[in-house]
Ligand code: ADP
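What follows is one chain in structure tokens, specifically the form predicted on its own.
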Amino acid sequence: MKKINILFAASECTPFIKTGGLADVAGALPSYVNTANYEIRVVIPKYSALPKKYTDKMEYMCNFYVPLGWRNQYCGLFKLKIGKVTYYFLDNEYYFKRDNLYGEFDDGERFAFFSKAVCEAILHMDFEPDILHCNDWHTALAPVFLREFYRDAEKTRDIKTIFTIHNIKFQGMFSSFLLGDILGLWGTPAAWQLLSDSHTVNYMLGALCYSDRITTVSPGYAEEICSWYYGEGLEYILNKRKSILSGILNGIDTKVYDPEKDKALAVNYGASSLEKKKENKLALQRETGLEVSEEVPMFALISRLTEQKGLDLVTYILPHISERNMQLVVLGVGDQKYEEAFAYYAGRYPGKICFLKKFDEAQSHRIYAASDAFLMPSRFEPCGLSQMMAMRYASLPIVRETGGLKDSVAPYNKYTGEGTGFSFANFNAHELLGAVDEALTLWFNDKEAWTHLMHNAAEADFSWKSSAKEYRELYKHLIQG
């Protein structure tokens, strides 16, 4: 089998820079996919915020100019290898020497440049990709540019394209003025496909129309986004191209999230020593001022405090939680109304509810290890990683049956004892409370069944190995036709 080369384009990537789950995927997937027959290399912007310990080691390769509408913009190409993965960095200080990765006034121009620069950089790399794998709206124009401007170049004419949707809610929508002035596509016959309406150019829509394959981050989400409720206005094109749409569930780094070796924990434990887990609960109770008792079940919520995460449901049931024999620990920052609700109830019930208004990676690990159950009642969830992390630490997730949550959490079956957590179907606070009560009933009345579920959760495989295998199959089928 001929070796398949893949260039993975993303706007962020661990360990260099991160704002969300996309960085985790870009940072983890390549090393698992790379074998004798496959090689993924990653390309991201060379942001000024990249740590100096990495920029000092980068190898300067060359520079070139990127045509962007009527402009010709400088781009430097840098290279760095870490482990078995090679990374490329595209440099332009005008676009990437900013305080923020996103949310700038000219994001439409900045990421149009990055998408075009990715295509141009292929002509100058020491790497000949067979596949260009793009991710979310920040790189969505690369398949468009590749088809419209680079199909005659020998090095790019046969490249296949994959576009992965990590969250369809964010599509990269800007004034249609950019179509000509920035993208240089005015007058191109197929360019009308990028317009959501006569006033709006939609970058993600362009990728959905031009890419050879479309993927998203769970099978459940791939189905959901073809519906009106979840499709965010793009369900029509996704249904039209459904034959090339698929979902592959993300994984987690099982070396980072390993309760047997995690240095952040008070006491290490594993699937064969779950009795030690309670020591972490006692330690966190002492740390946070909660009532110290191993007999009280601890529920946890670790999240960005936003509407997507189902926090309207959680805040609605806080009065009921305060009446039950349970504890709740919340870690996160976000919308003011949620922060205020959690702060109020934590102040009113200091022995039962704790709100930590911050995000602390080490503390999140301690909370996973300490908690007995984990709340994740998302309104929508393309994949979700927190529920996988919770199960890795034998904390049983309580999830809404949507997207990746439905794909990754098997609900408890009281007749067979099967399951890895608890679930509810509709976006309804009473259904969430019902799932909480189901968990509490099992905790207090059948410790043997609860322990069995903990074992099931702790032994579930959410490593990148299975996901990487699916990606290798996808790449192979795309090349072989």
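The shown structure was predicted, so the numbers you read here are calculated from the model rather than taken from an experiment. Quick note: we count residues from 1 along the sequence shown, nothing fancier.
Another form, the form predicted in complex with the ligand, is not on view; read the next lines as being about it.
For the three residues I398, L453 and H455, a heavy atom within 4.5 Å of the ligand turns up in the model of the complex in no case.
Using a 4.5 angstroms threshold between heavy atoms, G206 stays clear of the ligand in the model of the complex. A residue is said to contact a partner when one of its heavy atoms sits within 4.5 Å of a partner heavy atom; G270 fails this definition for the ligand in the model of the complex, lying far away. In the model of the complex, the ligand lies farther than 4.5 Å from every heavy atom of E275. For R304, a non-hydrogen atom is located within 4.5 Å of the ligand in the model of the complex, even though that partner is not displayed. The chain is drawn here without the ligand; in the model of the complex, the stretch among 353-361, 94-102, 70-78, 149-157 whose residues come within 4.5 Å of it by any heavy atom is 353-361. With the partner omitted from this view, the residue of M389, L179, L311, I162 that lies near the ligand in the model of the complex is M389 [heavy atom within 4.5 Å]. When you look in the model of the complex, the only residue of P219, P411, G108, G332 with a non-hydrogen atom within 4.5 Å of the ligand is G332.
Residues are counted as partner-facing when one of their heavy atoms sits within 4.5 Å of the ligand in the model of the complex; in 220-254 not one qualifies.
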